[in-house]
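Next up is one chain by itself, shown in structure tokens, the form predicted alone.
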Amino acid sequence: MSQPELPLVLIGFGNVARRFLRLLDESAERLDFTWRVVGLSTRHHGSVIDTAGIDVARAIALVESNQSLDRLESEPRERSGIDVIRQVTDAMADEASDGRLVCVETTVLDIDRGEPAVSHVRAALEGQAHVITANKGPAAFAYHELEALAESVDRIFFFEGAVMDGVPVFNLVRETMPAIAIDGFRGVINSTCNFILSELERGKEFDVALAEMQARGIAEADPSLDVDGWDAAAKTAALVNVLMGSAMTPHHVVRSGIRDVTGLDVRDAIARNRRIRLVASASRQGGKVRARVEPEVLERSDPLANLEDVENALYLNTDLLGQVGIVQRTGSLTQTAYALLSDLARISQRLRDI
């Protein structure tokens, strides 16, 4: 059987998206599909559409040298992400109809309404494109609507990179835990906050630790989303919506971040054989799901207390298997980019199974 070629339209072309394309190249011999980029849209560097295939190396070079993608088109024009999606899905209607066109959405998180990412996903699905995203917004604000839309047009809406980078959380439950009910969860799911707390324990300054996470490309574009707990709240809402069948947004999560946690606080906890970690949790109470994100003083026997630096962990409370734990020991752009690659590979597998 010949390898399917998947045309890709990328909405957002930041660190994660560029690492994703490089990872596709690096992993080419392991993949059962080929690909070409047919559309790119950025917030600050313009856009380009070429159904024959965009010169990816040149596109990356332009953006990384702070130049516009308009240089790749003979007649450049101003277009929003929605415009790019609609123009590509119109121009590639045959590929979309065959289920080969994929939209890769990696814009930054909007904590107010999840926009424009939610609209990007909706427009792509309406154009019969599959969607993969590392953005937490769509699953945190509009999961049930978007999943219903995807099912109605027989397309895939995947977002494994939204929580714990490339470690399979959503796919683990969907693919390997049939007939299981998730009653709740508890975890450390923000790498930036965990790193800052670890550095405070070592005597480092808060701002220095945060700057390192920004330099690595791990912290959110707006780091207040991390330190004020909004990133963890968005991940919590996504987990609740997908795994527990509830309908929640980040604004329904009781939230406090680590902005007011000091080095004195964390070192005092260590002196008492405890550690402070930003914990996200949810549980079903009286038929309702309640969720919260807050710094907790943990006993050393708590597995979450042993997480260092960028390590994350999530413990799922299930009705049939008891507690199931997932631990991520490292986190980087590569792990997040891998989540996109793994979602794309699953789309390719679906095409081969048809």
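Residue numbers here begin at 1 and follow the sequence given. Please read all numbers here as calculations on a predicted model, not as lab measurements.
What comes next is about the form predicted in complex with another copy of the chain, which is not displayed.
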Selected contact from Arg329, Arg290, Arg58, Arg43, since only one has a non-hydrogen atom within 4.5 angstroms of another copy of the chain in the predicted complex: Arg329
Residue (of Leu264, Ala179, Ala215, Ala148) lying close to another copy of the chain in the predicted complex, criterion heavy atoms within 4.5 Å: Ala179
4.5 Å heavy atom contact, Glu64 and another copy of the chain in the predicted complex: no
Heavy atom of Gly325 within 4.5 Å of another copy of the chain in the predicted complex: yes
Contact test in the predicted complex: Leu341 vs another copy of the chain, heavy atoms, 4.5 Å: yes
Residue contact check: Val297 to another copy of the chain in the predicted complex, 4.5 Å heavy atom: no
Val108, Gly245 and Asp309 all contacting another copy of the chain in the predicted complex, non-hydrogen atom within 4.5 Å: no
Stretch in contact in the predicted complex with another copy of the chain, which is absent here, among 316-324, 34-42, 47-55, 281-289 (heavy atoms within 4.5 Å): 316-324
In the predicted complex, residues of 18-41 near another copy of the chain [heavy atom within 4.5 Å]: Leu23, Ser27, Arg30, Leu31
